[in-house]
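The chain below stands alone and is given in structure tokens; this is the form predicted on its own.
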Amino acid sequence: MGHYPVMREDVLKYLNIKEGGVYVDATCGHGGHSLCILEKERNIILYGLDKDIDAIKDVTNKLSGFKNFRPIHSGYEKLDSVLKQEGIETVDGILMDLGFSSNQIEDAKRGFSFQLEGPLDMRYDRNSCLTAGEIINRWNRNDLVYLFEKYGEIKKARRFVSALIERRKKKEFRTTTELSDFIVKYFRYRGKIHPATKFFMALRMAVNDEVETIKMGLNKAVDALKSGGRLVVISFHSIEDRIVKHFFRGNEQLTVLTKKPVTAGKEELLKNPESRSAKMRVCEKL
């Protein structure tokens, strides 16, 4: 997430970067991890994927000095097609950082933040059709309850959804702050955590079909790895981490290198508080 690449040293250690290798930063964002990888070993090829075209434009400019960096506007769920198009059969290592960029949060027009007024959007890829506004204003009661209970892990979601439906009959929700203010009426703060946090997370996951996309991406990544190749995945909440954990353990092609998830050390937590929820899991292909 953000401008400071999360768990930078652990990423470099576990990717086990080798001279002459081919690597993929499958969620390159604005290039934090990509830059570290390229500086670690100059004689490699690194493909940087992201479905956010703004991120690809930025990272293309930022890393223009590295002729061995290949930025590509695509999601990791299409990794097989990307590599086929590039004429690459297998790669030596893949990084998947499942967090979303602070650039996206800070851009009010993207609609990711409940603290900044903007449209209820939340799309990583702005060519896709489904938005958070469509979900909030059009989805039926049962689907909304399922969404908030399963992806937001929100208790008493049913009562809230009933109130939301009554409200949208009178006036549709248009902005992030409109929705956030409405949520605050029904849920209290837990410590410093804003009540809208989990609701916005659930909406973001639904808009971008993140659960199925992660599962597809993990499968495509394993298929793309050569024997001895490594897959490093950083997740930021329990749903993502469970998907990764069960996928690694259930795949006979993989050796799990991290019995427990690796977390950020004290020094990094001081420099980069966003890393507090990061969990890294690593596997190697047999």
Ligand SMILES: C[S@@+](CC[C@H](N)C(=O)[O-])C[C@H]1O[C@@H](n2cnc3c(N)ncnc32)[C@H](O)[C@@H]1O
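Residue indices: 1-based, along the sequence shown. Small disclaimer: the values here were computed from a predicted structure and weren't measured.
The same protein also exists as the form predicted in complex with the named molecule; that form is not shown, yet it is the one meant from here on.
Only one of 92, 77, 121, 178 lies close to the named molecule in the model of the complex, with a heavy atom inside 4.5 Å, and it is 77. Stretch 30 to 38 is the answer when you ask which of 30 to 38, 257 to 265, 244 to 252, 63 to 71 has residues with heavy atoms within 4.5 Å of the named molecule in the model of the complex. At a distance threshold of 4.5 angstroms between non-hydrogen atoms, residue 114 is out of contact with the named molecule in the model of the complex. Among residues of the shown chain, residue 213 is one whose heavy atoms approach the named molecule to within 4.5 Å in the model of the complex. Proximity of residue 220 to the named molecule in the model of the complex: non-hydrogen atoms within 4.5 Å are absent; the residue sits far from the partner.
Contact annotation for residue 237: none of its heavy atoms lies within 4.5 Å of the named molecule in the model of the complex.
With contact defined as any non-hydrogen atom lying within 4.5 angstroms of the named molecule in the model of the complex, the stretch 267 to 286 contains no contacting residue.
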